[in-house]
Every structure is written in structure tokens, then in C-alpha cells.
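Heads up, the chain below is alone and in the form predicted alone; it's given as C-alpha cells.
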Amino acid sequence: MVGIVLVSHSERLAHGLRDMLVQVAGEEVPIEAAGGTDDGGLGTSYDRILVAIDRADRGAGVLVLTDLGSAVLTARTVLEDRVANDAVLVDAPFVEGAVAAAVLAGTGAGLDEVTQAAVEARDVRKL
């Protein structure tokens, strides 16, 4: 099953979104939160992202979603440094993309399909 990693500047935001996704997609979808810095502040942590990707990786690939620009930079660095190339950073809205990806991952869809669902969430209108 495709794993999902949520990279946020806020530990609480990442964990809150993870809680929501587990309720929507189910416990079987590997969803990991990588929010905040190692000392509990706002920001991102290379180590937290790396550990989250490794935990979410069940062999079908990992989708990485970020909240803000500098989270993208940290996540990119982690992905560039990893030996395995089974994780992908996706340009998608953090909440909507995560929901779409988690629901589709729960059906057993592959990494390309889950990635596409996250990206397409950008076009879903709220009003």
C-alpha cells in the first residue's frame, strides 16, 4: 500500500491532519506526520522527515506532501539524499491533496494514481 508523509512547519497541524486521514481512509493506510523541529518549535526537521518516510514505506512507494515553501526545500533534500527512490514529493494542496491521496491509497491504488489524485485536488472548487 502507498504510504503518505505529511510535512508541516507545525507538529500539531501534521498530527491533526494525520488523525483526520486515518478516520477517512482507515488505519491500514500508512500515514506519518513529520511536523515541527526537533526541539518542538515551528519549522521542519530533516530527521523527522527521513524517519517518517521510512516508517510509511511498505514497498509501494511514499507520497510526500508539504505545507509551505521551506518544507519543500527540506523534503527535497531528504529525498535527494535517500538511496531508495521510491518516494515522491507532490505539488498539491496540503489538506485536500492529502485527503484525496489517502482515500485512493486505501483502495490499493499505485503510487502514480495516488499522486495524480493529490495533484487533481487542486482543481476541486470549494464554492
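Being a predicted model, the structure only gives us computed values, none of them experimental. Residue positions are given as counts along the sequence shown, with the first one as 1.
Beyond what is shown, the protein has a form predicted in complex with another copy of the chain; the following relates to that form.
- Using a 4.5 angstroms limit between non-hydrogen atoms, Q116 is distant from another copy of the chain in the predicted complex.
- In the predicted complex, at least one heavy atom of V72 sits within 4.5 Å of a heavy atom of another copy of the chain.
- Using a 4.5 Å cutoff between non-hydrogen atoms, D67 counts as a contact of another copy of the chain in the predicted complex.
- Put simply, D112 is far from another copy of the chain in the predicted complex: not one heavy atom of it is within 4.5 Å.
- Of all the residues from 92-127, those having a non-hydrogen atom no more than 4.5 Å from another copy of the chain in the predicted complex are A92, P93, F94, V95, E96, V99, R122, V124, R125, K126, L127.
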